[in-house]
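Encoded as structure tokens, the following chain is the form predicted on its own, with no partner shown.
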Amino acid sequence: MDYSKYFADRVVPMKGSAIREMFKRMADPEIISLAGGNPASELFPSDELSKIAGKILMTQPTLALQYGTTDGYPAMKDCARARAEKVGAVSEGDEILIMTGANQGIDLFAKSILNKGDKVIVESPSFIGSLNAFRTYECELIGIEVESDGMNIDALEKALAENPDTKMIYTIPTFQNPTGTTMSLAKRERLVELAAKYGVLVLEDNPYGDLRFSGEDVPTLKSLDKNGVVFYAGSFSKILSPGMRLGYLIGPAQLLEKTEMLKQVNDVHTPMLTQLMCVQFMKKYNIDTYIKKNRELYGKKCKAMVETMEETFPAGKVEWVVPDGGIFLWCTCPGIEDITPVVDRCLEKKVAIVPGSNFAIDPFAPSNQFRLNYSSASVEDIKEGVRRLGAVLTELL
């Protein structure tokens, strides 16, 4: 039976994540994955969290296993506030909502403001999870090129002038997914000014901001906002554990009221057990010491990847920008139109990478770009994976 006729119109254009599809093909333990976006599992504080979870279930079983409030457990909201205040991402009159992962916050915020046909400006390329959320609400995506120092702001201003009905700008300004680039301070200031001038909301997605291993911190867009146009999505996934599904959304209470209502419909509340585990971990341990370990390891892994790329990639055939943090590195092959043969050949050679089309405004158009991840594999596997990739690039380019 053909079930395609039953699909809602809004989901027909959606294309699944190539990363998730690739996982299905990676049951072979010999495959080295440079494709995912997972944090380093060796850094998970599993022993500490195991003890914390056991104690909570022994001493606070009703609190942990009963329904909670939709906006979040108060002490968990305090944890989120403390993290956000470090980067100036909380203003007077703001509400904080604890979400089941930051991606839920992005999705439900979009759902609360977007109508069919609304225009949303996004970076090109950008994170597929957010792009698919916006596509689900049948809005029109307007892509702005990502340069080495972030979104092309002149192109953004032109797009805003030509599309006065734009409702939102979505951006990952720090260690952007997938490019790993960081938006300069000058561009951040202009973006916030333009959003206020044109009356457009900004959704700042910052899951990687804590993972800087070189260079200087840059102020968040939220900290630069004086007009209440910037909303902020934060996450504990990359600094504590992605499986705990803990994120948060911050912005003026009047607008987030509807997002909270949508969350109540969606999943009632974020699981109480993981909220309580996070609260207890924050009380008992210094999260910044833990984050420092993340930064040191990711810096080491990124260095190993870049050095091996320089040794093994064919000269003049591949371009990339070395990130100052985060977990991704973006590559462009100017001499070809479509990276798909490289991706397929890499799988034959037991190494996985992600094609750039996965992050494009038009996911069906060919792309000559690909994303690499250096956080989840070991240093030895990173070097071997890049060597195999280098051999494929030399063969095909």
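When you see a residue number, it is the position in the sequence shown, counting from 1. Not measured: the values here are computed from a predicted model.
Same protein, other form: the form predicted together with a small molecule, not shown, and the subject of what follows.
Contact annotation: residue 259 falls outside 4.5 Å of the small molecule in the predicted bound form, judged by heavy atom distances.
For the chain shown alone, residue 210 is not a contact residue for the small molecule in the predicted bound form, no non-hydrogen atom being within 4.5 angstroms.
Although the partner is absent from this view, residue 232 stays clear of the small molecule in the predicted bound form, with no non-hydrogen atom inside 4.5 angstroms. A residue is said to contact a partner when one of its heavy atoms sits within 4.5 Å of a partner heavy atom; residue 101 meets this definition for the small molecule in the predicted bound form. Residues 177, 205 and 237 are all found to lie within 4.5 Å of the small molecule in the predicted bound form, as judged by heavy atom distances. Segments offered: 211-219, 194-202, 238-246, 86-94. Contacting the small molecule in the predicted bound form at heavy atom distances within 4.5 Å is 238-246.
With the partner omitted here, the residue from 127, 281, 134, 320 that has a non-hydrogen atom within 4.5 angstroms of the small molecule in the predicted bound form is 127.
This chain lacks the partner; the member of 160, 106, 276, 114 within 4.5 angstroms of the small molecule in the predicted bound form by a non-hydrogen atom is 106.
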